[in-house]
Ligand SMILES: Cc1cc2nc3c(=O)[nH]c(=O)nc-3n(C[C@H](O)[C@H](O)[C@H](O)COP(=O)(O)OP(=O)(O)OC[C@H]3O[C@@H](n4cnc5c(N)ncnc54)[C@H](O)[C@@H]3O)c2cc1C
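Single chain ahead, written as C-alpha cells, the form predicted alone.
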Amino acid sequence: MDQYDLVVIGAGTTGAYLAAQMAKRGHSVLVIEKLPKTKVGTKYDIFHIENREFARLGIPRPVEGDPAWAFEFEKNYNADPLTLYPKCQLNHVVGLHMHEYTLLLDAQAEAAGAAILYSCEFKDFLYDGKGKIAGVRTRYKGREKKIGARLVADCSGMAAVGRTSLPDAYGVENDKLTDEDMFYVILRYVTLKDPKDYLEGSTFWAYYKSWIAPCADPHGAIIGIGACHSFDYAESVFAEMEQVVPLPDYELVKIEKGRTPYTRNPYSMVTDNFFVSGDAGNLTKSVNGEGVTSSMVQVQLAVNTLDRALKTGRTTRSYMWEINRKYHATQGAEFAMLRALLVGMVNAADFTEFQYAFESGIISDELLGAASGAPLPPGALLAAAKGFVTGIAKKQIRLSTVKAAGKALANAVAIANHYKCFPADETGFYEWTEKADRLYERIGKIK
C-alpha cells in the first residue's frame, strides 16, 4: 500500500493550493480527484479574483493571451433597485476561466512535488487499531485502491465526501448540506445587442442579489442571480427584477446553474489526522457566496500548524487546534459578522426602503467600501443612523425596519466578538458552541 504524509481529497482550487503549500515544505502529498483531468473545474466557466490577492496568496497571475485569462475591470457599481443612484467602488478584478485556472494550480502543485491521481474516487477512510484515520479507500481504474496517510484533508467541494463520512463524534461535524443550506446561482451568458451597452465594469443589485458583469466575449456579459431555497425561486426573483431594472438588450447564449454553500463552517475544522477546507468546510463569503480565495486564506492560516504536526508526528485534534483559533478570530469572525448584517438588512427592508436608502445616502460609498474590506471612516455609522432617523420622520422608512437593522447590527457585533473569543484549546469548546448556536438562531437565514 502506498503511503503519504498527506492525502488531499479533491484537485480543485483549494486542494491544489493546499497540496502545493505542503509539498513545498517537504511533505509527500497525493491529491485524489474523482473527475478526469478534462472535467476538473468545469462547474462554471468564469470566476473572479481581486488583483491584490494574487501576490498575497502566492498564486499565478494570468495575463491577456493566457488560456486562463478572460478579462479585467476596475469599476464595481452597487445599485439601488431602480438603478437611479449607482455607487462606484474601484477594485481591480481579474476574470478567469475556472477549468484552465484549476489546471494551472494543479500544475503548480505538481511542480512543488505533489502527485495527482485523476479519476480516483474517494470511497471511505482507512482506520488504525485505535479507530483513528490512517488513509483512504478509493476506486481507481475500476479497482479498489488503498492509500495510507498520516493526515487526510477534505477539499472535495460541496459534497464534502470526507467530512460527511466521518463517524459521529469523531471531532468534526459530519452533517450534509440541506436545500436550505445552499445558495442557488443562475448565470446567463449573453451577447449585448447595442455597442453602447458594452461593459467596463460590474453592477450589483443587493435587493435582488443579482449582477451583470463582463465575460470573455467583449461584446457579451454575464447576468447572474443568486437566491436561497431553490433554482425556481431564483428564477422568480429574476423575472421580478427584469420588470424593474433597465437591463441592456441581449441575446441569450447559454445558461449555467450551480450551488454554493450558504451556511456556517464547522465549529472545528480539525480532528485526529483530518483537516477540512474549501466548500467542503462551507468557507464561502457571506456577501456573495464566493469561496476560491477565502478558502486559500484559511489554508494560509493552517499550513504552518499542519507542517509542524506532520514533522513532530502530532496530527491530533488538540495539537492542530490552533487552526480553529486562528481562523475563527480573523476571517471566521468577519464572515459571521457580515452574514448577520446581510440577513438582517435584506430580510427587514422592502423595495421602497431600499430605494430610499440609496437616494438619501444612508447606503454610502464608505459603508459599501467597508463591506468589501476597506476601513470604515469615523462618523460613517453615525451618518447612517442620522439618515435612518430622517427617513422615519419623512415616513420613508418604517420604525420596525430600523429596529430590525439595529438588531442585525447587535447580532453582528455579538457573533463577531464570540468568534474572536474562540477557546485557545478544547477546554470550554462545548460551552462556546452552545452559545454560537443560540446566536445563529437569533440571526436566522435570508428569506
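Given the structure is predicted, the values throughout are model-derived calculations rather than measurements. We number the residues from 1 along the sequence you see.
Absent from the display: the form predicted in complex with this ligand. The rest refers to it.
Student: Pick from 152-160, 326-334, 77-85, 197-205: which stretch has non-hydrogen atoms within 4.5 Å of this ligand in the predicted bound form?
Tutor: It is 152-160 that comes within 4.5 Å of the partner.
Student: Evaluate A302 for contact with this ligand in the predicted bound form, applying a 4.5 angstroms cut-off between non-hydrogen atoms, and reply yes or no.
Tutor: Looking in the predicted bound form, residue contacts with this ligand do not include A302, since no heavy atom lies within 4.5 Å.
Student: Look up in the predicted bound form whether F54 has a non-hydrogen atom within 4.5 angstroms of this ligand, and give yes or no.
Tutor: No - in the predicted bound form, heavy atoms of F54 and this ligand never come within 4.5 Å of each other.
Student: Spell out, yes or no, whether the shortest heavy atom distance between G220 and this ligand in the predicted bound form is within 4.5 Å.
Tutor: Contact check for G220: no, nothing within 4.5 Å of this ligand in the predicted bound form.
Student: Within 4.5 Å, heavy atoms only: does I32 come near this ligand in the predicted bound form?
Tutor: I32: yes, in contact with this ligand in the predicted bound form.
Student: Have a look at G291, G135, P214, G224 for me and say which one sits with a heavy atom within 4.5 Å of this ligand in the predicted bound form.
Tutor: Going through each option in turn, the one that passes is G291.
Student: Within 4.5 Å of this ligand in the predicted bound form - does that hold for a heavy atom of every one of A11, H48 and F122?
Tutor: All of them do, each having a heavy atom within 4.5 Å of the partner.
Student: Any residue of 181-220 with a heavy atom within 4.5 Å of this ligand in the predicted bound form counts; write them all down in order.
Tutor: Sequence-ordered list: V185, L187.
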